[in-house]
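One chain comes next, on its own, written as structure tokens: the form predicted on its own.
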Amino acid sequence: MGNRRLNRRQLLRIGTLGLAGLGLGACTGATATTAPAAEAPPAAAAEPVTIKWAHYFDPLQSPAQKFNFEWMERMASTFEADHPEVKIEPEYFDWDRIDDRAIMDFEAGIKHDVVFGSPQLMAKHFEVGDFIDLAPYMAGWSDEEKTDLAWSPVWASGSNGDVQIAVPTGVHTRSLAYRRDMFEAAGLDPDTPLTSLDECLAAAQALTTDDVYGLGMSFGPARGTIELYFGPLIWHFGGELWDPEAKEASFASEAGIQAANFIHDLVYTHKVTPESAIGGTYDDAILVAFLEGRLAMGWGFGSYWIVSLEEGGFVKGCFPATDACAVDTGGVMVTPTAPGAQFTNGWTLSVHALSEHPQEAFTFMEHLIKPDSLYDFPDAGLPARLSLWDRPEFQSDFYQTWLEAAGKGRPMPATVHYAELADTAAACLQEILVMEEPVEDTLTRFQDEYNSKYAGK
């Protein structure tokens, strides 16, 4: 597709420019209360210990989760083989509740050890104090090791001054996945990326048949609704979900009205997006529907699903990445909005503040973020380690498209009340789409309700 390739030096330069340069991170700790730096880490336990690992991998939930679960089991078994004094005990949490559980369990005195976390919720973790400062544990790291992970603003989400409460496992961004064979059948060029919403809508109309919807999206009552759909469309129309200066919600702006109307019309006017998108899950609405041929294009297709494209034969040699990576019946494009921006983040790892064995927990965390461990971790998305981008297997057009998408990506608002903002906007869209309430009045009502409770932080 003729995408511009970025080498490691260019990426490092972009990364040092901060969030404005790459836009990969989410909220940073700068908006929250600065936690005190921890003292020197305690010595490892003399007796055998159990490390509880809070994860979100359900092998029955989706094809992608099966591969993540297999990775998790392998990571636990290889660590236990090298550290027979430690037993890893997995603890399953729902993916969209894992941060809440970490916080609530901390307040309730329920102990965990290693916990996955969301960058967009780190401001809340800093305020509550449920994750320990990892800086003392990383004191022995070389400068090269730190740079290899710290180039990504996902790292910055877990930073607040000298305090570091989280490290990234990868970089997640999203794209527009499409069926090359369906493009050809509809008379569309699969090698010419769509560059505007008008082009995207026209293509979706041409691709929609009795059995296939042209454009898949997901508008269910979940956090992903504003992250992958409402938010990027507001950015397209020149607005923001949240005003960082006034520290209040701003999604009822003219841009928000245009975004909500566009979403409504995809379902009810143009009929290129199925009504099931309003109530279904993100995985089913995008990944499963795409794999099963019910979608010609899937907006918000995550980089953590590359493994599923490989398993389905849509791409070849792309997961694990090889220098022979090539597209087959499937491909990806940068989201065709004006800024080309999609929500970009990445799962992080932290040590719970109530851990009785923080040294062993940190040692296990180090095992999880080794280059060879992250290399075939499906949910890592794109490489968290800068050194991995030097490898020939990431120079293909397929991966360069993902890199371009990440470079144009943006974080969610850096507010302590991000979860409430996401829930409010998602509930608002539910009323607009399910009950067909008037767009402007409904947006204003929900925005006012949010700001009356949470404005200012």
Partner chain sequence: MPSSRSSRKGLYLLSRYRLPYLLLLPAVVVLVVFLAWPLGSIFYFSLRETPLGGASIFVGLDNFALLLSENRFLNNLAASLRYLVGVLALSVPLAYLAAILVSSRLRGAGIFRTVFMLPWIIAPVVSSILFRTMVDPYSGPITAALEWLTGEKFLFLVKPDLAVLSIVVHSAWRSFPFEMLLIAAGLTAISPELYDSAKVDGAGAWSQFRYVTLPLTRNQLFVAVLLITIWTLQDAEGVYSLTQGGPGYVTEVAGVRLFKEAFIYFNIGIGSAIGVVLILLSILFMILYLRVIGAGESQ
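Numbering follows the first chain given and starts at 1. Each form is matched to the other, and the largest set of C-alpha atoms that superpose within 1.5 Å is called the rigid core. Please read these numbers as outputs of a predicted model, since none were measured by experiment.
Just so you know, the form predicted in complex with its partner chain exists too; it's not on screen, but the next bit is about it.
Just one listed stretch, out of 121-129, 324-332, 257-265, 162-170, contacts its partner chain in the predicted complex at the 4.5 Å heavy atom level, and that stretch is 121-129. In the predicted complex, its partner chain sits within 4.5 Å of a heavy atom belonging to D423. In the predicted complex, its partner chain sits beyond 4.5 Å of every heavy atom of G238. In the predicted complex, no heavy atom of K271 sits within 4.5 Å of its partner chain. Using a 4.5 Å cutoff between non-hydrogen atoms, T401 does not count as a contact of its partner chain in the predicted complex. Proximity to its partner chain in the predicted complex, defined as a heavy atom within 4.5 Å, holds among K316, R97, K87, K146 only for R97. The partner is absent here, but in the predicted complex a heavy atom of E107, alone among E107, D181, E73, E199, sits within 4.5 Å of its partner chain. Contacts of stretch 437-453 with its partner chain in the predicted complex, defined by any heavy atom lying within 4.5 Å, are made by R445, F446, E449, S452, K453, listed in sequence order. Fitting the two forms on the rigid core leaves the C-alpha of V212 displaced by under 2 angstroms between the shown form and the other one.
Relative to the superposed rigid core, the position of the CA of L309 differs between the shown form and the other one by less than 2 Å.
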